[in-house]
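First comes one chain, alone, set out as structure tokens in the form predicted on its own.
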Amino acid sequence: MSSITITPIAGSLGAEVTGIDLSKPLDNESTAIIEDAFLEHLVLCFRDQHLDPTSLLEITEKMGGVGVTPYLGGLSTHPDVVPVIKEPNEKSALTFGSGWHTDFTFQAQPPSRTLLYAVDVPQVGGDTLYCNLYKAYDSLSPGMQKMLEGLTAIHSAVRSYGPKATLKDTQENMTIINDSQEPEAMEHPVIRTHPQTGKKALWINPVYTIRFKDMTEQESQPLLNYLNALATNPSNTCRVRWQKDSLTVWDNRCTQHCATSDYQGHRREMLRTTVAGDQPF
């Protein structure tokens, strides 16, 4: 009988998982427990996992295969594993991933899941926040839901990775390559249906959602601001407090997340992979 324990982090989303070693093959029962917990809680934090880049990739493959990661340099030995490093002496306090967002929504098939493994963490700080986009959708009035279901959003990497983007200037120990020209824009539904649960989620984010289709940025911004503020209301969030050897996996199809930048002068090193996704509908 499985010894896995699932402990919710908050009422909105998120859970800690103990009693499992992800570096070893999982039996069918354990696999089913983890998958059910993931679809229920959207964010799972596995404590006391002793992983290396190879085992992290193996877990990523088992979850659906490795996704494409543009703009970010990976390890020389494992290009699909991106080191997210902040050294104590860096000039900028900004952490990679700070600011609410959903990973790589500028892609035609954005990642379904992201995995982040803690190699080295500060004693205090560097937490990651998450919000539940199912609950954000459910909190909208029927009239707003109906209106948004008829809208398409334009997503782009221009703010983070366009020719004039300055993200790379704040990340001294990461390899970030800006696009040489205006990145291609991608159209996605504002209300996304999750392919496994069938639930509807409010699928926009402040970093990559530029505007609504057939509207200007100026026209779109007031509504985008309202929706993003609604999604990230504190009652709709959870906080993962990192510990060394923790692995957190989250569902990009129904969450946003935000890394905190509150540990300047201390070192933090993470390893990141993504799981391939499908076309949002």
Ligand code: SIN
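The shown structure was predicted, so the numbers you read here are calculated from the model rather than taken from an experiment. Residue positions are given as counts along the sequence shown, with the first one as 1.
Only in words, not in the display: the form predicted in complex with succinic acid, which the text now covers.
Practice problem: Let me know the one among T128, S160, T170, Q107 whose heavy atoms come within 4.5 Å of succinic acid in the predicted bound form, would you? | Solution: Selected option: T128.
Practice problem: Let me know the one among K135, R113, H101, H194 whose heavy atoms come within 4.5 Å of succinic acid in the predicted bound form, would you? | Solution: Only one option qualifies, and that one is H101.
Practice problem: Indicate whether succinic acid has at least one heavy atom within 4.5 Å of a heavy atom of I20 in the predicted bound form. | Solution: Looking in the predicted bound form, residue contacts with succinic acid do not include I20, since no heavy atom lies within 4.5 Å.
Exercise. Flag G97 as yes or no: does it have a non-hydrogen atom within 4.5 angstroms of any non-hydrogen atom of succinic acid in the predicted bound form?
Key: Taking the distances in the predicted bound form, the answer for G97 is yes, it comes within 4.5 Å of succinic acid.
Quiz item: Using 4.5 Å between non-hydrogen atoms, is A259 touching succinic acid in the predicted bound form?
Solution: Within the cut-off, so yes.
Self-check item: Interface membership of V84, succinic acid in the predicted bound form, 4.5 Å heavy atom rule
Solution: So V84 counts as contacting succinic acid.
Quiz item: Out of the stretches listed (175 to 183, 198 to 206, 89 to 97, 135 to 143), which one is close to succinic acid in the predicted bound form, meaning heavy atoms within 4.5 Å?
Solution: Careful reading of the contacts points to 89 to 97.
Practice problem: For the stretch 23 to 60, return the residues whose heavy atoms include at least one within 4.5 Å of succinic acid in the predicted bound form, in the order they occur. | Solution: The stretch 23 to 60, when checked against succinic acid in the predicted bound form, contributes no residue at the 4.5 Å heavy-atom cut-off.
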